[in-house]
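Below sits a lone chain in structure tokens, taken as the form predicted alone.
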């Protein structure tokens, strides 16, 4: 029997055995799940989707509060030793028991060079098995936020990965596909039935899930990626899907007027920004030869001040964005109202470019996703026009995220100028400083610092922020680090986009500020 026949047979058995009150959740998103491997891509939609199938030692509640998950409880035995007590009686979807061996294995796998989630657990942290249901994490220095990013560190089955030769993660570039790319074996509330990239992914309820709270009544989930905004909205309005996101701001009123639909709109903790290559001696995809204009702060500032953020808010985002001076949103630890955006000033931009030796501007390519963030391509198009007014010719390369991420995350970082969004999984400044602002290194620091910004003082402060247990002192260190990076114009922050979910009225769900859709909170009437 073929694999496809086995999948269809399993689905038929499920459909014949589910109770009469079975509830199917059908939803659409603008992009697809790139892989079922939970360590392949550090991207919110993928990690959130897989968080319905896999679980971590902790999880996040509807308001992002930390909840026990595969660990029932934990304690700090000494400043550098955390002990986690694992939940007993938990089984993976294939029926094998969850034990400390799976945690030890997952700690090794997530830190493999192919993993896109290496920063979830430093390679300097020792992971020690105390017994089958107790694990110690020993840090080189005190770390008060050791576990706060683990809601998206999903634990995998050691025996399953070994059985299917999937002990090594698939890389973000998609060059090392393995069994875990299209199959999954978690402990979560839903089990994967099938994954057809670009078509649909089907999951069914896990009847043996350890959590007896029974918050949801969903028995089956069908996810369909729909890249076209118009098609996605039409699918919601016609009832083909029960929930769709994101909804373009220009279509929100149509949905609100529909008798069977409603909008869920709220602030998101993601910051959208532009990054620039600051490490190469010669800029790629540019007509400038022998030099890299972005190494000059005056050029970075010229780009910043050429962008009319209020026009983007009004015309592109229809008022549903909050311009940002920082690389973090209000609600993230370390955010401060003291930081202000540089003013929009195209004349100042022209002067700065002339001072830097580019009186007539120059040419550069902008990499932009067209199915990842709210109006992402429209934002890039607007900025292309704004930069043209100060003499910079920008060639826009807008692609689906399936092509965009492998390009910019390639080992040689194949980009000169790019749009990206970031939500710190810890909801703390350290995450953003370490991942986006630290000098890139083999240790994992600066893992997503694609432009290669590097200031050793920021690295020094980031290390202190991680180990400082006095909250007041820690906040001062964070402010000092942000003062340096903002002054350096390490990046060009744009805004925090608004969450925009469209939902049919017969569906109740909880909208999280990190834009993660958790099926365990869905009730279908």
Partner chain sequence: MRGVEGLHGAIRRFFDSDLWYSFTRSKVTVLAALVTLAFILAAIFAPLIAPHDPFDPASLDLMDAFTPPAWYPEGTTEFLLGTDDQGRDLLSTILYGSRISLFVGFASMLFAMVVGVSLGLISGYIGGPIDAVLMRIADVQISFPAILIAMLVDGVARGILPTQRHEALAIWVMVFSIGISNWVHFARTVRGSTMVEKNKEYVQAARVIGRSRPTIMFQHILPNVMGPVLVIATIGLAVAILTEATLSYLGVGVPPTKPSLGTLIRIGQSFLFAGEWWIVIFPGAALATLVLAVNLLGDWLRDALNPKLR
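Because the structure is predicted, anything quoted here is derived from the model rather than measured. Positions refer to the first chain, counted from 1.
If you look for the form predicted together with the partner chain, you will not find it shown, but the lines that follow are about it.
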{"property": "Triple contact flag 251, 318 and 384 to the partner chain in the predicted complex, non-hydrogen atom at 4.5 angstroms", "result": "yes"}
{"property": "Selected contact from 227, 378, 138, 145, since only one has a non-hydrogen atom within 4.5 angstroms of the partner chain in the predicted complex", "result": "378"}
{"property": "The single option of 297, 314, 126, 112 touching the partner chain in the predicted complex, heavy atom within 4.5 Å", "result": "314"}
{"property": "Stretch in contact, per heavy atom within 4.5 angstroms of the partner chain in the predicted complex, of 75-83, 147-155, 335-343, 396-404", "result": "396-404"}
{"property": "The partner chain contact in the predicted complex: residue 201, any heavy atom under 4.5 Å", "result": "no"}
{"property": "Partner proximity in the predicted complex: residue 388 to the partner chain, non-hydrogen atom cutoff 4.5 Å", "result": "yes"}
{"property": "Residue 122: touches the partner chain in the predicted complex, heavy atom cutoff 4.5 angstroms", "result": "no"}
{"property": "Heavy atom of residue 365 within 4.5 Å of the partner chain in the predicted complex", "result": "yes"}
